[in-house]
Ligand code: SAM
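A lone chain, given as structure tokens: the form predicted on its own.
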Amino acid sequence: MATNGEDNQNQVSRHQEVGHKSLLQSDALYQYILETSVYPKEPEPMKELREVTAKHPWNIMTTSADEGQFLNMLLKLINAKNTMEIGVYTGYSLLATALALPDDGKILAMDINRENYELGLPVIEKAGVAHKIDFREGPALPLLDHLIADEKNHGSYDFIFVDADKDNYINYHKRLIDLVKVGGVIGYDNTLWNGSVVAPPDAPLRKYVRYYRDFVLELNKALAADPRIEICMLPVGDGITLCRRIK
């Protein structure tokens, strides 16, 4: 029979595995959420893309199904029309956004890998929402600088979702705060970073988790101190922080 210490260690070990998209301490509870709330309401194109992505060797990078559902509802609640996504992968969160926007809604989507995006593109096209997406391949920072150079882009975005290179999150925020409108929302994904943000210094973290943890911690501290936004950190997926620009 396992001791309490062994049980705790098993929990710690499991949640240090990169790719465990839920921060809940109970797998059964997370499965209950998926089966009761998420999967029965998941649009068929999103289900299809989720299943396609699951076969990809880097499927860890996809947005979790519960987070996709959350983003879809959030965009409807704020009546978003002009949006941006930095970090696309195969496009699960992108599809969740596209399905939520009105027919004339727009998404400026950026990723360094077009091949991954094209894996999900047939599903996006079949869903009838590809016309809403303007995909740009390459690093996001130069494109953001180009957008900022034109003042008509300032305050023009209703919603921006960031799920990309964590070591550039601070650099993204410095630019995105000018592009999102007052009252608009920026969502930063992975802000609880596999639970590692509260791990002790000697915790046996994977190198990948340990390396990016400091950047996530830096972002979280900066967002909390930024007077231009109000924030809400949610334990959905791997943690998402919503930032509503207030000035």
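Note that this is a predicted model, so its numbers are computed, not measured. Start at 1 and count along the sequence shown; that's the residue number.
One more form of this protein exists, namely the form predicted together with the named molecule; it is left out here, but the text below deals with it.
In the modelled overlay, the named molecule taken from its pose in the predicted complex makes no contact closer than 2.4 Å with any backbone or C-beta atom of this form, which marks the pocket as open. Proximity of Y89 to the named molecule in the predicted complex falls within the 4.5 Å heavy atom cutoff.
Although the partner is absent from this view, M110 contacts the named molecule in the predicted complex, with a non-hydrogen atom inside 4.5 angstroms.
Contact annotation: D165 falls within 4.5 Å of the named molecule in the predicted complex, judged by heavy atom distances. Interface membership of M61, defined by any non-hydrogen atom within 4.5 Å of the named molecule in the predicted complex, is confirmed. Residues with any non-hydrogen atom within 4.5 angstroms of the named molecule in the predicted complex fall in just one of 125-133, 152-160, 79-87, 97-105: 79-87. In the predicted complex, G138, P139, A140 are the residues of 133-150 with at least one heavy atom within 4.5 Å of the named molecule, listed from first to last.
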